[in-house]
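Below you will find one chain, with nothing else, as structure tokens; this is the form predicted on its own, and questions on how it binds or moves follow later.
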Amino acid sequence: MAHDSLYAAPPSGADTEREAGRLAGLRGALGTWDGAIVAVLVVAVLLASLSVQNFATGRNVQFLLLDLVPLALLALPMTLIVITGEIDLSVASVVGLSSTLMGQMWLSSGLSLELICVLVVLIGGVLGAVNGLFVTGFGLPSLAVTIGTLALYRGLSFVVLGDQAVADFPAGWTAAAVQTIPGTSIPAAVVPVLLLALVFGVVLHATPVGRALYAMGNNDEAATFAGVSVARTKFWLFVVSGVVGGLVGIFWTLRYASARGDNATGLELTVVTAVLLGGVSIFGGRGGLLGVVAGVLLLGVLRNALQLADVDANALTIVTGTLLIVSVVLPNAVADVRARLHRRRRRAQLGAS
């Protein structure tokens, strides 16, 4: 048998079937939304590297990844929430309020920065719990609730600091927020983001909790009859979203060395766009974390390339809004076309028989 292995044997029927299976798997991967987004991301990076000056430099990669850290962190719990059929539009306001509370406590409380960071994360969890209580306890639509808390938390952030900014944080802390991995241009902050993405990915795709989230997104009542605690699960998802918002508030404050009431204003639109662009259905029940990560990177690359090309800031908002609409309309249009083609083939097969 070892001697025979030195020669190329003609393909057997089993080999042909395996090869056909691999090709079918490759076609299936490229035919998914995740595969399409990854392909578009690769094309966008290549085009930007070739056509936009300074895009492919190490310094720009560092700034690009630093810009993506808050977006990627907020997109992780948002993905799980949208898969259950809900949404959290208050995430950017949680970041802003967390930032101003951090600044105010540093300015006037006399507490250590370590303790302040812990308190800010806990407060973020409380802010998320308020959303979860209204959505699951009172049965209100998450869209309406989080639009309300978007305005409430943003308003409170201006009450805390007014139009002032706190900027005298320790230099060691602010430098650590933008520190790179030695010998590379990759910010060290990317490491915890990747670890959290791995945790969220395992929970979503490899645990009963993840399967329960998809079941809730497809049908709440059916999930309840199947033994899933829908209200409790959604409540904790909002709490997790608030905790992550608190973490992002700390990172945002230290990265820019500034606690202000308008920090992260409008970031919720970018987060939702990245999640939907990654293939998560706005109606719940569909989507995966790989596509969301690709969506975050694609959105970051596009915005970074346009900024380097001196495109107006208003145009960036237009691009984000357009991508948001495309990411909602296109998957549904593709699914509709596929369903029509499937029905047409079924009718043709029935007619032939």
Partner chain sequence: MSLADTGAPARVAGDSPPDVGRPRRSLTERLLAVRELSLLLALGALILVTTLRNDRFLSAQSIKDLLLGCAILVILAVGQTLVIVTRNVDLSVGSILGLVAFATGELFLAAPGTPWPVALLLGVGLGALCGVINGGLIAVAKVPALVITLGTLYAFRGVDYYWAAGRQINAADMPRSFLRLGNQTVLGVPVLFLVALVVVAAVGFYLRSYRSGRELYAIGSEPAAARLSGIPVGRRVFAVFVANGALAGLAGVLYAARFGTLDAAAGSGLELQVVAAAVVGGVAIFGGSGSAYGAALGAVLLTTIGSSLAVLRIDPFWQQAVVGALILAAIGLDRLLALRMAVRLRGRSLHGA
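Numbering follows the first chain given and starts at 1. The term rigid core refers to the maximal set of C-alpha atoms that superpose within 1.5 Å between the two forms. What you are looking at is a predicted structure, and each value in this text was computed from that prediction instead of being measured.
Only in words, not in the display: the form predicted in complex with the partner chain, which the text now covers.
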> What is the one choice in Ala189, Met105, Ala197, Val145 with a heavy atom within 4.5 Å of the partner chain in the predicted complex?
Replying inline: Val145
> Looking at Ala206, Val159, Val126, Leu115, which is the one with a non-hydrogen atom within 4.5 Å of the partner chain in the predicted complex?
Replying inline: Val159
> Every residue in Phe134, Gly266 and Leu324 with a non-hydrogen atom within 4.5 Å of the partner chain in the predicted complex?
Replying inline: yes
> Which among 249-257, 207-215, 134-142, 223-231 is in contact with the partner chain in the predicted complex, heavy atoms within 4.5 angstroms?
Replying inline: 134-142
>> Under a 4.5 Å heavy atom criterion, is Thr320 part of the interface with the partner chain in the predicted complex?
In response: yes
> Would Val329 show up as a contact with the partner chain in the predicted complex if we use heavy atoms at 4.5 Å?
Replying inline: yes
> Wondering, does Asp163 line up within 4.5 Å of the partner chain in the predicted complex on heavy atoms?
Replying inline: yes
> Even though the partner chain is not shown here, does Gly155 get within 4.5 Å of it in the predicted complex, heavy atoms only?
Replying inline: yes
> Which residues within 240-278 place at least one heavy atom within 4.5 Å of the partner chain in the predicted complex?
Replying inline: Gly266, Leu269, Thr270, Val272, Thr273, Leu276
>> Taking 2 Å as the cut-off, check whether the CA of Ser327 shifts that much or more between the shown form and the other one after a rigid core fit.
In response: yes
